[in-house]
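Form predicted on its own, single chain, as structure tokens, below.
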């Protein structure tokens, strides 16, 4: 009991008494080391200017990132330059195309291609042209003004070819609740 009374300070604020508890020694030394480190950091970067400034670090990181991005864009362009605009007729490949269609296209074009937010893909009317080449170009580049994203960064060229080939198999299927024709009649 006498130890507690010795630690009490003379301060008394509305009946609240204050103890005189010193900080732990490890905390005091950690604080001193932090202050010393902070002074050294300030000297290194601001007074002696030995280390790079924030702006210099930003430019170095930006240039590294730009070079990496340009290399990736070049690789992607090379990959897309070799794309074949030929419809696939193999049943297993068309099943893969159907899986891609179900995963990515159903929400706008319907489960059977009947249309919804997007146009009906089962009739002979096309807004951006029919056939494999036009269909693949619409998938690759998208139609931003109509809300269709470019699938180029999300699908490989092979996947685009598979899904476009599957979409061509939907032509003439006449699903229930099909959306009215949009665009112009396409004759191949």
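Treat the numbers as computed from the prediction; the structure is a model and nothing was measured. Residue numbers count along the first chain shown, from 1.
Unshown form predicted in complex with ligand HEC; subsequent notes refer to it.
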_Residue contact check: residue 112 to ligand HEC in the predicted complex, 4.5 Å heavy atom_ = no
*Is residue 125 close enough to ligand HEC in the predicted complex to count, meaning some heavy atom within 4.5 Å?*
yes
*Using 4.5 Å between non-hydrogen atoms, is residue 152 touching ligand HEC in the predicted complex?*
no
*May I ask you to state whether residue 147 is within 4.5 Å of ligand HEC in the predicted complex, using heavy atom distances?*
yes
*Mind checking whether each of 135, 138 and 167 has a heavy atom within 4.5 Å of ligand HEC in the predicted complex?*
yes
*Among 93, 117, 86, 83, which has any heavy atom within 4.5 Å of ligand HEC in the predicted complex?*
117
*28, 143, 39, 59: which sits within 4.5 Å of ligand HEC in the predicted complex by any heavy atom?*
143
*If we take heavy atoms and a 4.5 Å cut-off, which stretch out of 28-36, 65-73, 42-50, 125-133 is in contact with ligand HEC in the predicted complex?*
125-133
*Relative to ligand HEC in the predicted complex, which residues of 89-117 have a heavy atom no more than 4.5 Å away?*
104, 105, 107, 108, 109, 117
